[in-house]
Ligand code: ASP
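Okay, so here's just one chain, in structure tokens, the form predicted on its own.
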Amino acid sequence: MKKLMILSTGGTIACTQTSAGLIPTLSAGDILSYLPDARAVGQIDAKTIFNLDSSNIQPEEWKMIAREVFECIDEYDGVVILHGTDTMAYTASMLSFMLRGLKKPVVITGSQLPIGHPQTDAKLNLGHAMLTALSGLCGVFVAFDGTIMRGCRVAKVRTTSQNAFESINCPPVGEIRDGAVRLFAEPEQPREEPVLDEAIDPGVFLLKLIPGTRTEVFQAIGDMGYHGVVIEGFGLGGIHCLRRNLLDGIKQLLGAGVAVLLTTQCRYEASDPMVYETGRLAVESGILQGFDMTSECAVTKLMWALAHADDLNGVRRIMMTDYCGEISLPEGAGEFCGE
């Protein structure tokens, strides 16, 4: 008999209406009771880790989730994590690095409407996630609105629509249609053994540039003690260096040992700052490149890299290594690692 573990962390799927607005109050067991036929797939156990709006889920909660998954996964064929949609992409990306080498699927899902709402998408998403967790996939995935996506590639792109998530710069892994999972390729088997790696450095700042961003912002970031910065530049990764020369602030951070990564504000396609002078100057100063990683993945991977490297060269090597399909490295990328 197949065995599944449902781990709940709160989010909209667990919400009920109160005088203060929607608040997650339902337990994992409460949520499962809305699917009376769910146990037809096999034995299902349910546990509530905590009950939070996902806007309140932070690095401390990522560690709690990772531990719960790692402690139970040997006993089950798959694990489903119920999570709020607002920060789901961050959690999915971080778990992809904290739980490497998984031989079974860990599937994250949630909903845009509470499970008790007449038009809820929660029942469908939970049912799909359960099927995905029995599919034979290996690793961390998000199942939402009938689509299966790598955890390190998802982004929330819509605030209220049921197709809230998309797989960015990477095709979906599969789909669920008419109660069946269809994978688009054979599941990849990890070469390494499963590992729980909780070491992360949460001291990373995400900065979205606007025309006129002042150089002093980098001084402020350094003064606040951040160890890493992800910059969302313009287009291919441009930054302005006329009048307000952001390169001066970036060089100051790099000189202080702060890791700085440049990516793009555009959701789709890779950054390539070497095309234009402004971006090329940034790369030549020692800035890291995000290529086609999502901003959510760039942030969480940099947190993970900072905890596993002794210096900026070590951070660079980690950021330029593909661990779970999170990045597509162009030909000759080794030169950016100093190789």
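Just so it is clear, the structure is predicted and the values come from calculations on it, not from any experiment. Note that residue numbering begins at 1 and tracks the sequence as displayed.
Separately, the form predicted in complex with the ligand exists; it is not shown, and the next lines address it.
- Here the chain stands alone, but in the model of the complex its contact with the ligand, taken as any heavy atom within 4.5 Å, falls in 52-60 among 52-60, 267-275, 26-34, 305-313.
- For the residues G139, G222, G84, G174, the 4.5 Å heavy atom test against the ligand in the model of the complex is passed only by G84.
- Scanning T132, T263, S96, S111 against the ligand in the model of the complex with a 4.5 Å heavy atom cut-off leaves one residue, S111.
- Heavy atoms closer than or equal to 4.5 Å to the ligand in the model of the complex belong, across 169-195, to no residue whatsoever.
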